[in-house]
Every structure is written in C-alpha cells, then in structure tokens.
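Starting off, we have a lone chain in the form predicted alone, written out as structure tokens.
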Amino acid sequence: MTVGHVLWPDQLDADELARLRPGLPADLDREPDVLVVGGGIIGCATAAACIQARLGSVVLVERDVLGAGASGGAAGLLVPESHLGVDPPEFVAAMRRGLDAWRAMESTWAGGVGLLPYDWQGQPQARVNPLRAIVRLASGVPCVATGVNVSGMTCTAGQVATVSTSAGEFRPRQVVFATGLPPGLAGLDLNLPASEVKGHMLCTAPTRLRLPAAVREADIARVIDDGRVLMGGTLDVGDAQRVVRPEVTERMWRELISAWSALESVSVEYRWACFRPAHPDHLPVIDRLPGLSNAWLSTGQYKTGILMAVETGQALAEWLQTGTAPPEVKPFALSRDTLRG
C-alpha cells in the first residue's frame, strides 16, 4: 500500500493512467492456463513471463488498480551493487540477474518497459518509473482485470480446482499468487509469517543541481528526471498507520540539506509513504504452495520487489512450464531455516 502524494502518476499521460484501471473485461477468461493474482510489479512481470514462455492463456486479476500496493510507491532503482555487504551473497547474485533480466525485457517486450540508465557510484545500473513499467508489462497481457477481490479456493486431489472472486469463479490450470503479503484465503492453510515495513520518501521540484560526491557516495539521495532530487525510503519499524508523517519527511529533508546546502532554496513537491511486505529474514518467498501441484506464490519482496520482478517472473514461468524448481529460487523456499525469524 502507498499513501500520500506520489511522484510517479504525475509522470504518466492520460492513456497510461487509464491502463492502470482497465476494470472488468467483457470476455473474461474463466478457465485460463495461468491465473496470476496480484497486479503489482511482480504479478505483471510474472504474467508477461508466462506469455513469453508460451504457457497458453494468461489472466491477471488485481483487487484495486494496478500498482496500488508498495510497487507504486517504490523508488524504482535497479541497483544490485548497493546491496553488497548488506544482503546475503546469493541474494545479491539474484539481484544482478534481476538487472540483466530487466535489460533483456526492455529489448524483447513490445514497447519496452521504460528502462532508464542510472549511474551508481560510477557503475552503470538502471531505474524505472514503477507505474510506467507496470503499464508497459500489463499492456502486453491480453486479459487484465482490476477491482477483482480473490476470496477463496477449492482443492481436489492436490490441485487448485476453483478460485472464488468478486467477479465470479475461475477454474485455472495453474495459479500464481503474487500478492505482496501471503494470501489469506478461505480454503488455503498457509502459516507464513509476514508484516509490512513503512518507509517515507520525498521528491523536490525540478532543479539544475548536480549531485555532490559526498551525497552520491553516502547514497542519501539521487537526481532523476528534470533534475528532481529523490530521497528515501526510511525504515519506520512499528509505524503501521496509513499516513504520511510531516515530522519524518521534515527530518529527512533537514538531513539532506545539512549534506547539500544548495537545496535550501528548493521546494519539496512530493511526500509519500509505502508499506513494504516482508518476511522475518527480509528475503522473499518464491515457492510452490505446500501440497498443491499447480499453485505457486511470490511474497515478501521487501525493498527489492522492483529489482527482482522480471527475474522472479521468469523463474516462476520456467517452473510452471517444466514442473521443476529453477536452482535460482531455492534460497527463497518456504522450508528455509531463517524464514521463521
């Protein structure tokens, strides 16, 4: 979830904004080969990967509008090197593959995904407007429905047989839950610890300023489109209120000005907070649902959902296609020792 005044929608044109809320198609496929539940960046990337893998008909459903969750408030930075020494080496390796996957998707997906170059401490990385990336990915999925709440499912002989929604029942051959937090559905017994970690962000008016070396090296902020300065996000552990706290963004701004005094005359135009889904060990879960041969989930992407989206979607598509878990997802299994905290 994201609250406050977010920069990214203001960068979209009217057609792109409309594509975030397609509504309910008249020809909604009730028996798709793949049903993807969740219209954030992971769900959209997974649906796109399933199409590229030629897995048959694909339906994507979202309870709100596309990008309504943490995806729509993320910084959009695809910078695996910033995680060196912070996250486990195998996770950093996965992030590097994630950046490569984004670059490949930019050249292979019709219309691209809006990938932008980004220099991080002299290293070529990348970034995206998260909502534009979601629009580009979803635009290539033939059947996308928003305003659809998934409430339950029935299982027969170790398979999901039906999925109940506010738009009626689906009978998918395979289903992927890309829901941020673990899905809480009638008929699904899943004991998976997770919570949300709130983070504030801010962005200035356009400037002609150049990022000082000290700010760049400390990774306090970055300069993006039109010279705007983007800062965040914080880790506001224990704050679950769906509000932007002025005292937090003011503290962030003062910290930035103390390191970069030229910003004193620049105004802050955007302040927002997003709620990142996380498991206790801050690693995602990418796995098949226990006891079910045709159902998978991707949850708890925390601060790396944008970066890992295409890599995750492609790994899930491969798993659906072959029936065998790709080796790169094994560190993110439900059975790992660190998951319970």
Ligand SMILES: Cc1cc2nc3c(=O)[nH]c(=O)nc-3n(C[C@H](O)[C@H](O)[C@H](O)COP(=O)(O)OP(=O)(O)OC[C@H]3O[C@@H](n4cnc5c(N)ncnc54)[C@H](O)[C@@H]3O)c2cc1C
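Everything quoted here is computed from the prediction, not taken from an experiment. A residue's number is simply how far along the shown sequence it sits, counting from 1.
Although it is not shown, the form predicted together with this ligand is what the next lines describe.
Peer 1: Residue-level contact is defined here as any heavy atom of the residue lying within 4.5 Å of this ligand in the model of the complex; does I306 satisfy this criterion?
Peer 2: Close contact exists here: in the model of the complex, I306 approaches this ligand to within 4.5 Å, heavy atoms only.
Peer 1: Is the gap between G313 and this ligand in the model of the complex 4.5 Å or less for some heavy atom pair?
Peer 2: No, G313 is distant from the partner.
Peer 1: Would G114 count as a contact of this ligand in the model of the complex, using a 4.5 angstroms cut-off between non-hydrogen atoms?
Peer 2: Heavy-atom contact with this ligand at 4.5 Å: absent for G114.
Peer 1: Give a yes/no on whether R30 approaches this ligand to within 4.5 Å in the model of the complex, heavy atoms considered.
Peer 2: No, R30 is distant from the partner.
Peer 1: Determine which one of 50-58, 287-295, 63-71, 22-30 lies within 4.5 Å of this ligand in the model of the complex, judging by heavy atom distances; exactly one does.
Peer 2: One stretch meets the cut-off, namely 63-71.
Peer 1: Only one of N129, Q174, T179, T204 gets a heavy atom within 4.5 Å of this ligand in the model of the complex. Which one?
Peer 2: It is T179 that has a heavy atom within 4.5 Å of the partner.
Peer 1: State the residue from A138, A75, V229, L99 whose non-hydrogen atoms include one within 4.5 Å of this ligand in the model of the complex.
Peer 2: Among A138, A75, V229, L99, a heavy atom within 4.5 Å of this ligand in the model of the complex occurs only for A75.
Peer 1: Mind checking whether each of V37, G233 and Y302 has a heavy atom within 4.5 Å of this ligand in the model of the complex?
Peer 2: Every listed residue reaches this ligand in the model of the complex, so yes.
Peer 1: Which of the residues spanning 252-283 lie within 4.5 Å of this ligand in the model of the complex, based on heavy atoms?
Peer 2: The stretch 252-283, when checked against this ligand in the model of the complex, contributes C274, F275, R276, P277 at the 4.5 Å heavy-atom cut-off.
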